[in-house]
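In the block that follows, a single chain appears as structure tokens, in the form predicted on its own.
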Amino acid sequence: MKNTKFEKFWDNIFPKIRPWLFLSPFILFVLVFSVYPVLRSISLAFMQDYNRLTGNYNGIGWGNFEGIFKSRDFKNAILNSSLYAVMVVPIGLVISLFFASLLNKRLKGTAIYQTAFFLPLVTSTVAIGFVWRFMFNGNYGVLNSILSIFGVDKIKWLEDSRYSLTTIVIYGIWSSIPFSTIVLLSAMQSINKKYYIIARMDNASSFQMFKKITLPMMMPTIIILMFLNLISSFKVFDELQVFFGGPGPYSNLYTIVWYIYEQMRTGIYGVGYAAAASIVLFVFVLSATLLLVLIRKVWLNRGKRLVRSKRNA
């Protein structure tokens, strides 16, 4: 005899829980490898004198945050990371916008250039870093050879602490160009060609069309790229390891991520400091993200007001 009550229950409940059964592996993965580490980091950040071997700590408080902000290395890390982001993000976007404009003209061999721009994205960061390390070599590097043509003396890019930040900024700008160029090119090609046809009928120059049509239409994409590149710029680590084997030639080039790594690597009480530095990094990135979101919202509202005013005119 069939259990009709069970069958009715199964027929009513199973369709509702079936989607969650399919999603359960993914949800479990996110909970274990994303949510739990974040919550654990927050708790460790407030555990004072946490011992990674015994798991003991001396109380809950702001001691770890006070400790890192008293550290000269952490202050240096905040300064270097901020300077790196301020220089790399805007300069990289301007250069990427220039290359995207050239590729958008559909010149001969455009596909080859697009492939060349995309190749660094699928190449190992460490491998590319070693190539750039050779280029930055103070004795026989390519950069010094080019500068010598203009009468510039050899620069010890990797040995002189004065040029440490400049070195990773140059590499950071170069590494940000491929992805930004491809995204900006896609945004340019999605703009309706009718705008340009009408502008040419009004005898608008190429610069005027770029200023009045291309740039405003691409601004939402540019803001999103700024957001993505900003997050990436605060995670500088591989470059330091490949170029200098550490935070600069004289430990003068700490970044926030390197400081976190060093605190985790050295000492049994460094976990709390590393977790506190991670929270500070999160606050930095979140603040910058909220600022960019606000700018994007203001820009979109401005565009809507302009459209309404033109319709009412």
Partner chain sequence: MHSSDTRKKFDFNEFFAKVKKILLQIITHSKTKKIVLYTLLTVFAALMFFPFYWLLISALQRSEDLTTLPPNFFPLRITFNNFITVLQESKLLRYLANSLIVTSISVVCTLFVTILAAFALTKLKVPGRTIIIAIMLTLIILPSELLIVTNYSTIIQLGLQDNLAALILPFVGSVYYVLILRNSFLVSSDKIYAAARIDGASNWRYLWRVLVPQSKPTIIAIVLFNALASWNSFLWPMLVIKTDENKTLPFGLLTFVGDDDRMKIELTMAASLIALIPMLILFLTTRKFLIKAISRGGSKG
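These numbers were taken from a predicted model, which means no experiment stands behind them. The term rigid core refers to the most C-alpha atoms you can superpose between the two forms while keeping them within 1.5 Å. Positions refer to the first chain, counted from 1.
The form predicted in complex with the partner chain is left out here; the points below concern that form.
Phe179 is the sole member of Phe227, Tyr163, Phe179, Tyr84 with a non-hydrogen atom lying within 4.5 angstroms of the partner chain in the predicted complex. Here is the short version: of Leu119, Val94, Leu79, Val152, the single residue with a heavy atom within 4.5 Å of the partner chain in the predicted complex is Leu119.
Within 4.5 Å of any heavy atom of the partner chain in the predicted complex lies no heavy atom of Lys70. The closest heavy atom approach of Trp132 to the partner chain in the predicted complex falls within 4.5 Å. In the predicted complex, at least one heavy atom of Phe282 sits within 4.5 Å of the partner chain.
At least one heavy atom of Ile260 is located within 4.5 Å of the partner chain in the predicted complex.
After superposition on the rigid core, displacement of the C-alpha of Ser43 between this form and the one not shown stays below 2 Å. Superposition on the rigid core between this form and the one not shown places the CA atom of Ser251 less than 2 Å from its counterpart. After superposition on the rigid core, displacement of the C-alpha of Phe29 between this form and the one not shown amounts to 2 Å or more.
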